[in-house]
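Presented as structure tokens, the chain that follows is alone, the form predicted on its own.
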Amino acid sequence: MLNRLTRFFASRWGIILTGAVIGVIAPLLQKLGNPKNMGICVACFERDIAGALGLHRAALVQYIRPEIIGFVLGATLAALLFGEFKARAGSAPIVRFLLGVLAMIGAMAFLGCPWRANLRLAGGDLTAIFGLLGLVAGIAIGVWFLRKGYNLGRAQKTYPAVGWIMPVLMIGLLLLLIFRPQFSEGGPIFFSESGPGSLHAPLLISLAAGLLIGFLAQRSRFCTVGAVRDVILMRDTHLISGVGALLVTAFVMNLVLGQFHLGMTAQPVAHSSNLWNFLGMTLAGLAYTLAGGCPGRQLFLSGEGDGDAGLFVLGMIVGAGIAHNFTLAAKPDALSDGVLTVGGLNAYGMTAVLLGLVVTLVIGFTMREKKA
């Protein structure tokens, strides 16, 4: 039975099923309370977790998102069931952490991860096109480095306790979400009373959705960045078929649920400063590629014992704190009394994106294996 399931999830139908499930669940989570065009967003949800823990004090984006917890624990369950839980670590950890920070700065410039870029487009947000073009550009640059010998080295087998750190941390977050302790007066754990952080589907439904997606994605190796990388590098369309299924299914679901609103401006938690949508996701896409996968894939890998992926995840969470504490994150468009105020980045945010691009390029050029 397990062998049959393994063969199915390794097939094109397995990856299509995973993408379709995400495409169905994300709009449903939006309908049940998650922010608009943000039924699932790994970067945004990790930002909310950072806020809940007090790593930043942006009051509108603070909530421990159970979907993230479910992604990791669902992947852990799948890896244990199929004998694929393997503790490993040691592949340029500090670089992976830094790439996580830079990826989050890029994602906060765009206001979303690759999953949300697709979901925004499926909801009618045309600014997502510029983010997706930037994502492809960043991945293409990363692929060029891969062809030139870029390599962070091999992770080594290590103590089982290392592989369990991320799953245990997620269980800890779940307990904090359930019991909501107040550690000091005016201190964490923080929960938004308004804004995107205050909008969420019921806890058990969100957790169950995360567990299901984590399980399926671990089995099928679902990865949006890997999908584009494989098309550019090997002309392999296996993974991209799953991304296509996500986009098409989410589009249909949004139509059915009355959540499709076509437009370029004043879209939910998005901005129409499209140069920075492009450059932000270029930075994120390059960082994801150099680290070996999109933020969702990094969560799934951390759930199956990969300590290096766990460091990338922690880098993204810390990066969210940096982005908001230093006002590097973009502001969404605002519509008041019929007057549109275009959002986007301030000078600090623009500088951070450009500096991030320089740093990731330096990493790409300097971490290449020399041919004998």
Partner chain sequence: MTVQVDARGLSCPQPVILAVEAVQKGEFPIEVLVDTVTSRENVSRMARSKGLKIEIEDLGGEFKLTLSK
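Numbering follows the first chain given and starts at 1. Just so you know, these numbers come straight off a predicted model, no measurement behind them.
Omitted from view is the form predicted together with its partner chain, to which the following refers.
At least one heavy atom of residue 292 is located within 4.5 Å of its partner chain in the predicted bound form. Heavy atoms of residue 150 reach within 4.5 Å of its partner chain in the predicted bound form, making it an interface residue. Taking the partner from elsewhere, residue 297 is found to have a heavy atom lying within 4.5 Å of its partner chain in the predicted bound form. Among residues of the shown chain, residue 96 is one whose heavy atoms approach its partner chain to within 4.5 Å in the predicted bound form.
This chain is drawn without its partner chain; in the predicted bound form, the residue among 252, 121, 174, 233 with a heavy atom within 4.5 Å of it is 233. Stretch-level contact check against its partner chain in the predicted bound form with heavy atoms at 4.5 Å: of 103 to 111, 80 to 88, 127 to 135, 206 to 214, the positive one is 80 to 88.
Interface residues of 267 to 283, taken as those with a heavy atom within 4.5 Å of its partner chain in the predicted bound form (partner not displayed), are absent.
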